[in-house]
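One chain comes next, on its own, written out as structure tokens in the form predicted on its own.
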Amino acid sequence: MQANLNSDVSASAKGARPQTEWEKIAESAQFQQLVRKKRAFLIPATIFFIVYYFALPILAGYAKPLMATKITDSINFGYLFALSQFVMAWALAHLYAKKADEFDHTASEMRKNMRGGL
């Protein structure tokens, strides 16, 4: 902590703005890796969700024979696809919860490591 204060003082003595605690964390390699891991999960998951979600109205509008295909006497493909969106949303939420636990664990470790350096 004392070394960081000295570096902030020397930085301000040189005319440079001292780094805030947040700026030091944001520039750390651990934080950058955490952000990359989050993006690697969130961007594909979001794209998948949007494509899957909008597939129902698009298929209902442009692929009526496919959506009207009978699976059983009273259930067609369109109904199953619509119901599968609930399953997909729950599965995605469960997957995100598991990933969020990993992200939280990594952030907690990073916080412990940073306290020694800040």
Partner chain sequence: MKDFNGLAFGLFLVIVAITLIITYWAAKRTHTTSEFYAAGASIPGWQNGIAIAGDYMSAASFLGIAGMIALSGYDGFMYSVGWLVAYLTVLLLVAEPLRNTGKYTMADVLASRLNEKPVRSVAALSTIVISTFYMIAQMVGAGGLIKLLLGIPYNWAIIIVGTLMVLYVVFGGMLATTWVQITKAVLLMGGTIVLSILVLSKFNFNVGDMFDKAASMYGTKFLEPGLRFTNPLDQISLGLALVLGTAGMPHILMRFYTVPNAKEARKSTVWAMWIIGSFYVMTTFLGFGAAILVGKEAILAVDKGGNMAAPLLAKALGGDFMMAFIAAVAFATILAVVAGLTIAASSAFAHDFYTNVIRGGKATEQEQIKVARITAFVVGILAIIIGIAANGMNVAYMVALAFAVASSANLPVILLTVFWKRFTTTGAVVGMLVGLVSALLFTFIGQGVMGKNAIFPMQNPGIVSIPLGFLAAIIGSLIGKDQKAEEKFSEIYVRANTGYGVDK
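Everything quoted here is computed from the prediction, not taken from an experiment. Residue numbers count along the first chain shown, from 1.
Keep in mind that the form predicted in complex with its partner chain is missing from the display, and what follows is about it.
Trainee: Can you check whether residue 39 is within 4.5 Å of its partner chain in the predicted bound form, heavy atom basis?
Mentor: Residue 39: contacts its partner chain in the predicted bound form.
Trainee: Does residue 71 reach its partner chain in the predicted bound form, with heavy atoms at most 4.5 Å apart?
Mentor: Close contact is absent here: in the predicted bound form, residue 71 is far from its partner chain, nothing within 4.5 Å, heavy atoms only.
Trainee: May I ask you to check whether residue 76 falls inside a 4.5 Å heavy atom distance of its partner chain in the predicted bound form?
Mentor: Taking the distances in the predicted bound form, the answer for residue 76 is yes, it comes within 4.5 Å of its partner chain.
Trainee: So, residue 46 and its partner chain: in the predicted bound form, are they within 4.5 Å at any heavy atom pair?
Mentor: Residue 46 belongs to the contact set for its partner chain.
Trainee: Can you name the residues of 70-105 that have a heavy atom within 4.5 Å of its partner chain in the predicted bound form?
Mentor: If the 4.5 Å heavy-atom criterion is applied to its partner chain in the predicted bound form, 70-105 yields 70, 73, 74, 75, 76, 78, 79, 82, 83, 85, 86, 88, 89, 90, 92, 93, 94, 96, 97, 100, 101, 104.
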